[in-house]
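What follows is a single chain, given as structure tokens, in the form predicted alone.
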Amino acid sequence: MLPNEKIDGTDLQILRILQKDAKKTTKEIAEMLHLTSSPIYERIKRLEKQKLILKYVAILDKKRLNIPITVICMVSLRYHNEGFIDKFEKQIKELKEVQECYHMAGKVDFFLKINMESLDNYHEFVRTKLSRIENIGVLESYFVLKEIMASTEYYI
């Protein structure tokens, strides 16, 4: 968002509503906010244009999709110059099994979130794909026992 592109309280209310349920119609949002549909529609289009709304997605049930194992994988690289980091990031983006990847400050360099069908599948993924990335120095895997809370909503 550019500095001169302000958002107001109504914009924030719209964003909160859409974070909870992106399928809400303009009419439903207008009714919730006691406004008419037209200004709500215009505001949503402006928020999209400002890139405050990046996309609309469906959140799927990983257990029903038979990928119930969540692995948090901490990666430390051997070499840390820009070229090695860029190459690692490019290679990780090619691995469809990796759901999230963050470049970290601290003891590890990267945090990966991976969902798999089973521990055997994760073992095979590490053996045939992740371990082929040449600059990985240390790879630590943590297995989620229970998901206490997961949210896609930002506190705004």
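Here the structure is a predicted model, which is why all the values come from computation and not from measurement. Heads up: residue numbers just count along the shown sequence, starting at 1.
The next section is about a form of this same protein that is not shown, the form predicted together with the DNA.
- Checking Lys62, Lys129, Lys87, Lys45 for any heavy atom within 4.5 Å of the DNA in the predicted bound form turns up a single hit: Lys45.
- The partner is absent here, but in the predicted bound form a heavy atom of Thr36, alone among Gln50, Thr36, Gln91, Ser118, sits within 4.5 Å of the DNA.
- This chain is displayed without the DNA, yet in the predicted bound form the stretch 36 to 44 from 36 to 44, 110 to 118, 92 to 100, 64 to 72 comes within 4.5 Å of it by heavy atoms.
- In the predicted bound form, at least one heavy atom of Lys27 sits within 4.5 Å of a heavy atom of the DNA.
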